[in-house]
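Same protein, same chain, two forms; see structure 1 and structure 2 below, as structure tokens.
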Structure 1
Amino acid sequence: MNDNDKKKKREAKAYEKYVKNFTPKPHYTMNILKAFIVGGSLCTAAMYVQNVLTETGVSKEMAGNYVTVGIVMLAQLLTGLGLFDSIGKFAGAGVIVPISGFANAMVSTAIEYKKEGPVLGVGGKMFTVAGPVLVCGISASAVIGIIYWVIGVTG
């Protein structure tokens, strides 16, 4: 190794040490606790609503569907009002469960690109987020359906 390479390595190590001094350290325990409390509270509230609907005569399956749609609508509303990001910064993974996080991603993308028009802006950009999720979901469903069919035919 020549002197120039050694000098570059020393500079890189010095810079890395300098950056470590200013990089905020994450508070893992507190983040986990907040995510657990907020996520658990949301799930508890969703189960409460589902149980209330079930007790009023709605089938358990339909009550689950209503709760799912309600969570998506609430996430969309909070995103539109600009509140979802604040809640997400506090609660982290506790609020960004797949369905509410997906709804937030769709709406925030649509809001961001609305200036480009309803088709190329909102529609086009919104489905760049949804596209991979839909492709994976539909592909997985097709594969599972084929496996189920093969098991049914041969079983």
Structure 2
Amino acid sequence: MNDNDKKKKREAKAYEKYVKNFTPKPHYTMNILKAFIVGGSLCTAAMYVQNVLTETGVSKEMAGNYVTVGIVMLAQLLTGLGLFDSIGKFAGAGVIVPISGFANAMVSTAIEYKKEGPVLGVGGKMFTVAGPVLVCGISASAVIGIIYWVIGVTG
């Protein structure tokens, strides 16, 4: 990196700092609180359903699967009805981090590109938001799997 680039970078940093004085800050405390309440309620409700299912004789593993499918379907329905974006705006990470966020990312893109046709529109664009998450998630799980295996062999 030559001196000119360094100078530019320094100036950019200084400008960014200067602009911060005029930029409104996100309301972190409120956002965290909302995410905690909505996300927490969602997970508590899911846990309650799962417990009820296990009590009625469903195996623990299957009960978990049913609940996951239930949340995905609910998020998809709310996205289709045009309500999820308002909920997401309010609750932020509270509904994005659970699997509901993933369902929303798939369905919202599918709706958005419906006009470009079912194959190249919906099919081609459906994963534009969720795709990067999938790739990174699967890659990370593979890496962790290898580490796990190495520890298992050596330990």
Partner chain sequence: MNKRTFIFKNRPEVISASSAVGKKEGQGPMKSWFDMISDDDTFGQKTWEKAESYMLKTTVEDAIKKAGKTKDEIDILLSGDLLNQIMSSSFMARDVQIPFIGLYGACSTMTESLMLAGVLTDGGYCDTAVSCASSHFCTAERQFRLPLEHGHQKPPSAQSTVTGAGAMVISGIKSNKCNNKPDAFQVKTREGNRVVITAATAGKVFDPGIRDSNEMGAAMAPAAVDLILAHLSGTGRTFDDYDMIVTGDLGFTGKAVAADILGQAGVTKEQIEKKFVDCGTLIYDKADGFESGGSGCGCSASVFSGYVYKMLQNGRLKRVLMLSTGAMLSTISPFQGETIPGIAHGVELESEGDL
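All residue numbers here follow the sequence of structure 1, with the first residue given the number 1. Between two forms, the rigid core is defined as the largest C-alpha subset superposing within 1.5 Å. The structure presented is a predicted model; accordingly, all values stated were derived computationally and were not measured.
Each structure shows the same chain on its own, and structure 1 is the form predicted alone.
For residue 139, the CA shift between the two structures after superposing the rigid core equals 4.7 Å. Aligning the rigid core between the two structures leaves the CA of residue 24 offset by 3.3 Å.
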